[in-house]
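First, one chain by itself in structure tokens, the form predicted on its own.
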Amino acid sequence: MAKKKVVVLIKSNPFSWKVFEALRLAVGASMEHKMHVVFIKDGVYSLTDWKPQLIGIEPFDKSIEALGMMGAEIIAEEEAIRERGLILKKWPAEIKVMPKDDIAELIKDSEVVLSW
């Protein structure tokens, strides 16, 4: 199977199972495809230094690290970070901050988009 350009778009807040499962799917799919994991809107809260284990959610650190090792691109929406006054946590992989117009182009150019 030919590699496809895949975007996993995370727009939900991190306070449920959605982000954990989206990242798990992205790690698995990154073995076969060119993966872009994009955090927009409330999804950017996932990239802050919150403590998910306090509410019974697995931390995302291992998934982010695995994505980095697999060559996936991890992106956070610049405007969403600024509007919410957030500071991103130091992650074990590079997090690129991009304006939403560039993110829109990335999505437009992708072959598969999975929205969470």
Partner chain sequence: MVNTVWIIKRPADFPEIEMLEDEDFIILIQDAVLRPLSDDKNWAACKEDVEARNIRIPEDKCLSYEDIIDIIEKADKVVVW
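What you are looking at is a predicted structure, and each value in this text was computed from that prediction instead of being measured. Residue numbers count along the first chain shown, from 1.
Just so it is clear, the following notes concern the form predicted together with its partner chain, a form of the same protein that is not shown.
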(message) Does any part of E94 reach within 4.5 Å of its partner chain in the predicted bound form? Heavy atoms only, please.
(response) no
(message) Please tell me whether any heavy atom belonging to A66 falls inside 4.5 Å of a heavy atom of its partner chain, as the geometry stands in the predicted bound form.
(response) no
(message) Can you tell me if I40 lies within 4.5 angstroms of its partner chain in the predicted bound form, counting non-hydrogen atoms only?
(response) yes
(message) How about F60 - does it come within 4.5 Å of its partner chain in the predicted bound form, if we only consider non-hydrogen atoms?
(response) no
(message) Using a 4.5 Å cut-off on any heavy atom, which residues of 27-66 would contact its partner chain in the predicted bound form?
(response) I40, K41, Y45, D49, W50, K51, L54, I55
